[in-house]
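One chain follows as structure tokens, the form predicted on its own.
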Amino acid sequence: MEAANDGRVAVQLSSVTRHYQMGASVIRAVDDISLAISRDEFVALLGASGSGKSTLLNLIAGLDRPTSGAIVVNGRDLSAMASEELARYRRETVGMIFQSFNLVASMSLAENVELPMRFAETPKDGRAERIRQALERVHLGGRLHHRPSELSGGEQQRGAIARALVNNPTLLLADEPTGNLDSRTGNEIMELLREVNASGVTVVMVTHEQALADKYAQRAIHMADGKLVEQAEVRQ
């Protein structure tokens, strides 16, 4: 579905809510948020646990649907998409990175990176070169045949980033990408995300670490109780 959208805006949220019914109570996980994220921008979503930042990321990813409001990505309204179209959006437009890496233990790194192309039914004859390029991009060109158990935490997260990038998404969503890593390795991952952003990919990252937002993001957006409470440009 097409929607009116400024060509400089990658993500436009208009009065977006996501409420959950729990017994007699209503949980307002995301509560009337309007927000615009520009193309090529690096945005950090900050807030305490339960503030709604991961729910908001899942809504932008098309993993969940809003209770009300509109989410427009690259001029397309997610809330108006049928399930099949939404799945295609997740395959072709979005890359996702999680705190827990989510690599399949029984598969090699190359097979893990191949998964998004299998889901997208990419022709087999073009996959090997794209896998190689994606792993070289994250400095793991020599680790194609290693299983996750043979990799360090930082290498697993870099492999997860390669998997997120292999279908050439325009939007990269990262949910606490350094949460399971020591500070040095976490900084290496953040430098890699900065490189990805500099290549023209819009990055939206959930984090609880203000220092990471200050160092790497262009804008910090603070959430509390499902609401957007503060936005600030980050001086770097």
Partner chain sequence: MKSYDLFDLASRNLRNSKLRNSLTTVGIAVGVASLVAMLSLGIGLQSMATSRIRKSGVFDIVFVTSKQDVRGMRARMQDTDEANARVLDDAARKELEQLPNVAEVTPDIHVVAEVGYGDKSRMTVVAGLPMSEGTTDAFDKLQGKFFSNNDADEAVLEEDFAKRLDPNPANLLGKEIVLRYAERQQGDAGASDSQGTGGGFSVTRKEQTLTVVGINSEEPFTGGGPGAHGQVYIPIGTAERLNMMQPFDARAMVRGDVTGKTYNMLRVRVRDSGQVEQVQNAIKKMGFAAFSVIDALNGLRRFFAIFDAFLGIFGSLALAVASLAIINTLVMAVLERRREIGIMKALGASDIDVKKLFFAEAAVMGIVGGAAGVLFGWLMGRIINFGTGLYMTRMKMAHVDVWYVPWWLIVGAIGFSVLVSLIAGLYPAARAAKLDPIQALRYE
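No experiment lies behind these values; they were computed from the predicted model shown. Positions refer to the first chain, counted from 1.
Quick note: we don't show the form predicted in complex with its partner chain, though the next part is all about it.
Even though its partner chain is not shown here, does residue 133 get within 4.5 Å of it in the model of the complex, heavy atoms only?
Judged by the heavy-atom cut-off of 4.5 Å, residue 133 is well away from its partner chain in the model of the complex.
Find out whether any non-hydrogen atom of residue 74 is located within 4.5 angstroms of its partner chain in the model of the complex, and reply yes or no.
It does not: once its partner chain is placed as it appears in the model of the complex, residue 74 has no heavy atom within 4.5 Å of it.
Do residue 80 and its partner chain come within 4.5 Å of each other in the model of the complex, heavy atoms counted?
So residue 80 does not count as contacting its partner chain.
Can any non-hydrogen atom of residue 158 be found within 4.5 angstroms of its partner chain in the model of the complex?
Outside the cut-off, so no.
Quick one: from 32, 41, 188, 64, grab the residue that has a heavy atom within 4.5 Å of its partner chain in the model of the complex.
Of the listed residues, the single hit is 64.
Would you give me the residues of 26-59 that have any heavy atom within 4.5 Å of its partner chain in the model of the complex, in order from first to last?
Residue within 4.5 Å: 58 only.
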